[in-house]
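Have a look below at one chain only, the form predicted alone, in structure tokens format.
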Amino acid sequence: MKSSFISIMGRPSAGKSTLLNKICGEKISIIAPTPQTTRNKIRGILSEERGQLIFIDTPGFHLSGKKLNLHLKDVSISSLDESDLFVYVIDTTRAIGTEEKELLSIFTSLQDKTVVALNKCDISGTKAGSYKHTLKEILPGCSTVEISALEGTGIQELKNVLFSMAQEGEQMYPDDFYTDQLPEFRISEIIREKAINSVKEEIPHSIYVEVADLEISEDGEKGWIRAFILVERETQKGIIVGKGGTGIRDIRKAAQKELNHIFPYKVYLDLRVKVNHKWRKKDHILKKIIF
């Protein structure tokens, strides 16, 4: 039996969360077109007859002096010490930049533990050839697989390579587990996904979610959730709420619908919007929501 922890790393919007969901066959990480959607290490679990692989989705590796981005980079880097193997995801539609060069330097000392996933190879005009040339020079010891995380191309080959590299060991989770996220965290992430996909420009980065209450009925058939979407300014609150409350209504309905597919009880969601001015500059907030 094989058993290993595997970190998925790469630049923002490289397709890491999409890849995690595709590998595990379940929606584990939330998805949005906004860069830096992932803020925490999210575990996804793949169990097969040949063993169990525990994947760790990490925040996009982004070079920035802003406090929030520094916290996210620390989360991503910390996964290097927690994993046996690594999947380095490259968006082949983008040219090599400063962030990519730093990631390449990080993996030079981890080549025997790293698989490079050249993502979005299904899109015409990719720079996969250029990346292959660079990888041959800088990371010659890494295995490389061309994939499309969205379409599923190359995913089976990637899994085969990872199982061949994985260590021998007992599985860490029961067969029916595909993530180990706590209910409150999963609820907050789903609400955040619906909220950030309902707005644009800078507002998605100004959103976080707090679950104030989660109560389950005695017979286990109903669940009541009270949660808050927090933003940094009153104007952002107005945009989230929407004219006549239509914005928050749509977010609540979309989140409640997905929660009802995930949890084994009927979910009733009470969702409100609050303002926490300049929360992205407050260390105690960042430490609470990023871990």
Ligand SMILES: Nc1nc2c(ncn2[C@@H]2O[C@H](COP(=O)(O)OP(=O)(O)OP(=O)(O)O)[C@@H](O)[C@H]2O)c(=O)[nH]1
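Remember, it's a predicted structure, so these values are computed and weren't measured experimentally. The numbering used is simple: start at 1 and walk along the sequence shown.
The following text describes the form predicted together with this ligand, which does not appear among the structures shown.
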| query | finding |
| --- | --- |
| Contact of residue 37 with this ligand in the predicted complex (heavy atom, 4.5 Å) | yes |
| Residue 276: touches this ligand in the predicted complex, heavy atom cutoff 4.5 angstroms | no |
| Distance check, residue 148 to this ligand in the predicted complex, heavy atom within 4.5 Å | yes |
| This ligand contact at residue 184 in the predicted complex, heavy atom, 4.5 Å | no |
| Per-stretch contact check against this ligand in the predicted complex, the hit in 54 to 62, 262 to 270, 222 to 230, 248 to 256 (non-hydrogen atom, 4.5 angstroms) | 54 to 62 |
| Proximity to this ligand in the predicted complex, single hit among 99, 122, 84, 210 (heavy atom within 4.5 Å) | 122 |
| Stretch 81 to 116 - residues with a heavy atom within 4.5 Å of this ligand in the predicted complex | none |
